[in-house]
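Here's a solo chain for you in structure tokens, the form predicted alone.
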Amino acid sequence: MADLVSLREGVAELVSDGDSVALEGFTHLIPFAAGHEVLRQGRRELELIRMTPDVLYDQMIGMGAARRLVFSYGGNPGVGSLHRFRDAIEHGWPRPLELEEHSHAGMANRYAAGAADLPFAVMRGYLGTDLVAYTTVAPITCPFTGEQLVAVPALRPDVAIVHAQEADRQGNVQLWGIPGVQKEAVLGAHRSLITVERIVDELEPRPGGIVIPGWVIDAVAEAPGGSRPSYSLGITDRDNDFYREWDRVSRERETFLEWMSRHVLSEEVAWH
């Protein structure tokens, strides 16, 4: 059974300097509150893993928490560049950032292989693209047809952190809405922390709902609004104005640092 803990306790127990950490959630259920707590606790030298690093990872990169990024697309959804990500690549500020880039399909297959406890996944992507020369894949021949395919290594993060709508008091978690790779990230990780909008006595089945059983989760932390400015379908709304404003806030280093100090690092906004 997963432990029910505070967000502060969960991060302190499960996330260490130098860990590979996947904070997953596709369009909604992005675990902003958990990522902010990682920053407040001063974690460094992290290998950040995410299919679509957007504003949360822009913040973590800009605060110097990331040593390496494993990803498939980076951008501020509907707006444009991630300025802190770009500054780290172009100028090494606040520190140089190593990159391992994949396709969306490649990342999804890597997570699926990790969840299945397999060493790699096989797919038809990458061949004929320049990406093969710049990332971690290997050619493989199908033993049955002779077809040339590509093997992508399994993703097995030290820690997976995801957000969901509900958990029950036994630590079973349910999420619904746009499916991402939250389940696969948790199943493939060595340790896992799930933040939820609410804790209920009993999970109510939802159309398209995904239940992650408590026996594969290390800790669950209640964090209402924990995906904002992203959203949790059926509970909170997406803050589109914030995503547009982030382009201005993050464009200059000084403005970015002042905003982070006021809105993220301050103990007044911390989850306890």
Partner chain sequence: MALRTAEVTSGEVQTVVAARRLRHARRVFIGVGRPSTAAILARMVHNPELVLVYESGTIGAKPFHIPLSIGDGELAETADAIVSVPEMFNYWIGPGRIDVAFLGAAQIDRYANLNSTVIGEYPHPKTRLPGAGGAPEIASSCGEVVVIAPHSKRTFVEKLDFVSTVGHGHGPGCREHLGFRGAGPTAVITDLGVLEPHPESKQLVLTCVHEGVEVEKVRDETGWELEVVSDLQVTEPPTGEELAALRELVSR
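Treat the numbers as computed from the prediction; the structure is a model and nothing was measured. Numbering follows the first chain given and starts at 1.
The following text describes the form predicted together with the partner chain, which does not appear among the structures shown.
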| property | result |
| --- | --- |
| Contact label in the predicted bound form: residue 128 to the partner chain, heavy atom within 4.5 Å | yes |
| 4.5 Å heavy atom contact, residue 46 to the partner chain in the predicted bound form | no |
| Any non-hydrogen atom of residue 66 within 4.5 angstroms of the partner chain in the predicted bound form | no |
| Distance check, residue 238 to the partner chain in the predicted bound form, heavy atom within 4.5 Å | yes |
| Interface segment, criterion being heavy atoms within 4.5 Å of the partner chain in the predicted bound form, picked from 138-146, 191-199, 166-174, 107-115 | 107-115 |
| Contacting member of 217, 38, 30, 51, with respect to the partner chain in the predicted bound form [4.5 Å, heavy atom] | 51 |
| The partner chain in the predicted bound form - contacting residues of 162-187, heavy atom within 4.5 Å | 177, 178, 179, 180, 181, 184 |
